[in-house]
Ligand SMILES: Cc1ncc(COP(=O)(O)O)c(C=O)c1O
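Okay, so here's just one chain, in structure tokens, the form predicted alone.
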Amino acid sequence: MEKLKYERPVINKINAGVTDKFGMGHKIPIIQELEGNKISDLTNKYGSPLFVISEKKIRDKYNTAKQAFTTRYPKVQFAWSYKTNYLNAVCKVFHSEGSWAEVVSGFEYDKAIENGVDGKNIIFNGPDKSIADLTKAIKNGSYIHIDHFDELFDIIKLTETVSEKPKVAIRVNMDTGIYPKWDRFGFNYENGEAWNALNRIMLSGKLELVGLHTHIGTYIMAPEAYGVAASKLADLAINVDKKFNHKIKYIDMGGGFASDNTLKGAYLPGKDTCPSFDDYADSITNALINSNLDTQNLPTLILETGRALIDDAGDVIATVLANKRLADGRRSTIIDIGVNMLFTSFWYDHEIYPTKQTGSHSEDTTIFGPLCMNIDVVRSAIKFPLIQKNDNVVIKRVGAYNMTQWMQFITMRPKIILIDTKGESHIIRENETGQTLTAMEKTPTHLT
């Protein structure tokens, strides 16, 4: 029997966690495998750090969300939010499940086309659409969500040179009772700007008004806010029908559903407090079916949820570089992935787990990344056991935004693998190399 390692007793101030009636004692579970693959096998094969995406979790989460809405409303269509994670493999999993594409830039639009999405199944959002982007979207029959009047006037002008009739919707911002109120995107409901835009579209006679869209915010913990938004969009649709005898084909509720991650400063874990898809579906569909919309011509309900569908499917494996004591006596652990690749560390307290058995003693620990930046803090305070250099940890729920917002800074971006539904692993993005970073550089001849 192997002799247990000695751990010296430590008395220190509690910074992480809260006491309860059972005291402070707790044992952190370990994660030794992901989707049937041993952590050690994955790091030996692909290196560290390593992003791991589970195809099974993507499909399971998508179908859970789909069931929540389709059992409550007759016409539902999901559109995958490319900005949340636009890895081709990830997008194609969603498209294979029947999801359209929702994009917010010309770059994302082109990716959707390259991924085999029909132009008629692309929703084009965002405040920055070039004339070339708009022209392409009009010719492909895509749904253009107008963000501001300048864009509306550009599209009307384009009808003079493009034979296809643009299919458009407007983005509507509104007061739903939550803070902060998002009002920088689209046309405001309360001050009449949205109704003004709808009238201009209908009176122009040059555009086909097909939908209404809103995106009330991000990580929304109050499902009832979506009910308020759905009611206001339904009212706009009803008024358009009354004034112009024109049926709106869809109401797009955008995204913003919370994942099970825990926001910094939250008292309880996100997995215990975040609303379910059923909660969001109840609020949205109740508002629509209880409105005065024509029941014989109900608009399709479109959902662009991203974070809640992909966050849980992504994990990252990291390796311990060192342990040290800070000036106030707190333990710190340095790992080989930092905030340049885990941007969500700035707003989430990510769950972090060891991958092998440790001692029973845990203490307040700050987990730093490898960057030469004081802000490179992956977890500012977590009750954690002592783990040694070269040990691995697994950071949970990193599937949303990290792989689109990450950046090369000091360290190069690592491999990303997908574990398919049979447990087989596939590289879906190679790690960067020095050549990757210098490929687009040019040196003046007098410096060569």
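Nothing here was measured: the structure is a model prediction, and the numbers come from that model. Numbering starts at 1 and runs along the sequence shown.
There is another form of this protein, the form predicted together with this ligand, and it is not shown here; the text below is about that form.
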Taking a heavy atom within 4.5 Å as contact, would all three of 81, 125 and 305 count as contacting this ligand in the predicted bound form? yes
Mind telling me which stretch in 271-279, 204-212, 240-248, 255-263 gets its heavy atoms within 4.5 Å of this ligand in the predicted bound form? 255-263
Whether residue 231 contacts this ligand in the predicted bound form should be assessed with a 4.5 Å heavy atom distance threshold; does it? no
Just checking whether residue 218 would be counted as a contact of this ligand in the predicted bound form - the rule being heavy atoms within 4.5 angstroms. yes
Under a 4.5 Å heavy atom criterion, is residue 171 part of the interface with this ligand in the predicted bound form? yes
Would residue 46 count as a contact of this ligand in the predicted bound form, using a 4.5 angstroms cut-off between non-hydrogen atoms? no
Quick one: of 384, 62, 401, 69, which gets a non-hydrogen atom within 4.5 angstroms of this ligand in the predicted bound form? 401
